[in-house]
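Let's start with one chain on its own, the form predicted on its own, as structure tokens.
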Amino acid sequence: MLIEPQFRTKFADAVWGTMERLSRMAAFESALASAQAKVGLIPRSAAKTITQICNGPLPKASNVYEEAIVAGNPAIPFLKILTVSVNAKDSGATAYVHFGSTSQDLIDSAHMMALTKIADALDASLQQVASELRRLTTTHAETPMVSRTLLQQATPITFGLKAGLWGTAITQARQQLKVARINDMAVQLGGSNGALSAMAPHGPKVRADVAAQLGLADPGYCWHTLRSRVLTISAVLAVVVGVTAKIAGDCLLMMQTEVGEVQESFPGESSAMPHKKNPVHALVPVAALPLVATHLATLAGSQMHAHERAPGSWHTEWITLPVLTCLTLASVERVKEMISGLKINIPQMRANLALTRGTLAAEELVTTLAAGIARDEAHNLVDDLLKQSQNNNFSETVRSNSKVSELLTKEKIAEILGYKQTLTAAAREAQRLAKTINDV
């Protein structure tokens, strides 16, 4: 595939490789013949021959995708090779190869079979990511750090809370993926016009049987020009990449030299600067996300499939789906590698939290003071204290202010400036989230 190695995985290369594509097409034809024989549409002897051929190596089948350039799609040369092979074994079975089906039935179903394998692989990897994030959430539930809004220091949180929210997003993505796996990854079987007329009155039963054999959903109808399920699946893949990009993006910002809160276990090198420790895994999902968004937009724009078989719109999926799935698999794989070995610099997190010398307590200080004086007066008082300290040492400015001392005890002031309440709340929320992160 024309994708750089870091944006691919061995699994993705195999799934979209020629041999696995041919294997899926053969599996469809085998399932179709078997299902048709059960209801008496074709002789059992013919089905036996077809399934035997489909389960073995097809001669010259490796040239199918080259021959598809002339044929218009890979199903046609594949079926020619299959028919020749069946004829050599049992000439009487030849007429029943691909009986009552179309190229689109074969190609769409084969694509859906690929998507189920990809969905299962993604779920397994996401499960591992969730498990690691659950561990980080629990381990660092009370590890203090600063939260950042609009890239500026906001209020204290814990690293466990940040990891817990990442884990929550992974859990939600897994749930959406499972729903798409069950409901939208469906067999396509409609025959020439969607009515399965050649299989009447057994068409629905055959379709259900084929779906069961292939591990696909039975949609209960022909969806050859109703492509919403393809868009739904693709949208879920985009969600998965979006979640991984969020995690990787946060980590990239935390990896900056000036921040230094986390680091990949095996950072990359620079070709020119020996001192550099570059992120490697985190780059992939961040780079992949806009590409995935573009491919999703392409699929959304090609939803209009004219009449009973679309010229162009259908074919767009053949290009888009493999690339989209490869980018998704790579994004999850890289985040899994990054999270599993992520180095957490707790002292640096504490140092960054202490940079503004208590300024981050301003919000809580206003709220606490407002219990004894008007809120506007409390806000103005804290605003004046901030101006007086000019970020040099807000804590000392607060402690030395007589008005604050009149309203609050030394113990309460110490709690506020030590971020006790804020950090306790963050730790509690992290512990709660840890219990909801689904790693099974």
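Owing to the predicted nature of the structure, the values given are computational and were not obtained by experimental measurement. Quick note: we count residues from 1 along the sequence shown, nothing fancier.
This protein has a second form, the form predicted together with another copy of the chain, left out of what is shown; the following refers to that one.
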Mind telling me which stretch in 136-144, 208-216, 120-128, 322-330 gets its heavy atoms within 4.5 Å of another copy of the chain in the predicted bound form? 322-330
Judged by heavy atoms and a 4.5 Å cut-off, are V239, E363 and H379 together in contact with another copy of the chain in the predicted bound form? yes
Note: exactly one of A88, I346, A354, A300 sits with a heavy atom within 4.5 Å of another copy of the chain in the predicted bound form, namely A300
From A114, L177, A186, V280: within 4.5 Å of another copy of the chain in the predicted bound form by heavy atoms is V280
State yes or no: in the predicted bound form, is some non-hydrogen atom of R350 no more than 4.5 angstroms from a non-hydrogen atom of another copy of the chain? no
Could you confirm whether I437 comes within 4.5 Å of another copy of the chain in the predicted bound form, counting heavy atoms only? no
Contact label in the predicted bound form: P74 to another copy of the chain, heavy atom within 4.5 Å: yes
is_contact(S265, another copy of the chain) in the predicted bound form, heavy atom dist at most 4.5 Å: no
Neighbours of another copy of the chain in the predicted bound form among 308-342 [non-hydrogen atom within 4.5 angstroms]: E308, R309, A310, P311, G312, H315, T316, W318, I319, T320, P322, V323, C326, L327, R334
